[in-house]
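Two forms of a single protein chain come next, each set out by itself as structure tokens; they are called structure 1 and structure 2.
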Structure 1
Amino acid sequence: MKSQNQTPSTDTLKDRTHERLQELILTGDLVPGSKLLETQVAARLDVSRATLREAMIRLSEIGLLVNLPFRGTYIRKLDRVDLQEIYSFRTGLEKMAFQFGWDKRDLISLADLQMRNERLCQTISDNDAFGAIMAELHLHDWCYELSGHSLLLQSWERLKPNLQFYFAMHQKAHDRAGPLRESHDEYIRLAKGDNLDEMLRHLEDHMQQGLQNTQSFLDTTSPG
């Protein structure tokens, strides 16, 4: 008996547990650096320890959790170097995505891109910071889907939770956050254009700007 609908997630408890635990991390409900006690978390999520452990393995693979053998599993802590790595890697991935997908663009996919951007602008106008973060990521999903490259898409899907995680931390620290209103205008314009090299060059700037927009608050946090 399952009145399960909205999310087409697989219907194994392990997978739902994976998603729920990721939620708890991404919303900042679980504090970075803190230890996860298996019995405690299992009880909280109302699953067995075996099921929880299977869910945690995948979160460790992604990088949201860190497992130290015989010592425990901890919520990932992000420092400035980690964030720089995430952004530089993301830049490389997205350049690949545009290279693979460039010739696959058509009217339909470009209209789709346009829609995603409008949704982003809408959430920003609404002062919906969390929604804006999700909308921005969804905007960037576009090029990966366009590429039709499953390994590339997988890699992006693995990286994305780390970005969300950082944004959540950022937003929790200073409550203003999120992308700026016009930050994607040039991005969209170039993505619709016919100059791939210019698009690729812009990506470097775009990402660098995104990094610096969010990175700053780490400097004010206690080191270590």
Structure 2
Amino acid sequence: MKSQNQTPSTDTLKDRTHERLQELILTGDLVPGSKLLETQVAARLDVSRATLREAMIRLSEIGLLVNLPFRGTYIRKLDRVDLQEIYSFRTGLEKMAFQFGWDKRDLISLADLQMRNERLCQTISDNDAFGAIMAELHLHDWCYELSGHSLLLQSWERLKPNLQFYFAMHQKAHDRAGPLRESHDEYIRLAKGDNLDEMLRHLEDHMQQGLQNTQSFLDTTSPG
């Protein structure tokens, strides 16, 4: 019985360390491109280096950390090419998700979409930068879940860590925790509507605008 009682607390510590390290990365407390100093970060999180390293492995697997041979582990950073690839891929994925899921919408799924947007607005009101990143991703999860397309959903899950970085950069570019409260109003309205083509055009325009704003921010903050 003792070992059974210890396992959940151990797993909870590992999960909590993973989440807290992820938050430090996405909120910019750990500077993109900088080396992760294990001793300092472990002390900051009040965990052992062994526990920290398990979290580092998990975040390396999804691309938030980069391991350089003989040099150490570094915080992931994005450049213009990264942003362009992320957003061209994301735009295509999200349009496909709406195309596959459009006829599967019902009152329950649309109420769920509205609830996700309300959660996002609440995190913004709470000035919760990390919470807003996760809530915005959860909002966009909706169309992929509704699509019923397993490969499409898998592709979205693989893309999400890159989008976490993008959303964090977007927050810095606008000096606020998350998007504007009303930024998804049109998205929600069209997702509830009856014009798929209009929805797809909105996705193109909305994402292109976000890409341009973030690229401009990247250009002004990059050295040289």
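All values reported here derive from a predicted model rather than from experimental measurement. Take the two forms, superpose them, and find the largest set of C-alpha atoms that agree within 1.5 Å; that set is the rigid core. Counting starts at 1 and follows the sequence of structure 1.
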item: Index of the chain form predicted alone, chosen from the pair; value: 2
item: Is_shifted K77 between structures 1 and 2 (CA, 2 Å cut-off, rigid core); value: yes
item: Threshold 2 Å Cα movement between structures 1 and 2 for E23, core superposed; value: yes
item: Following rigid core superposition, Cα shift of A42 between structures 1 and 2 in Å; value: 13.5
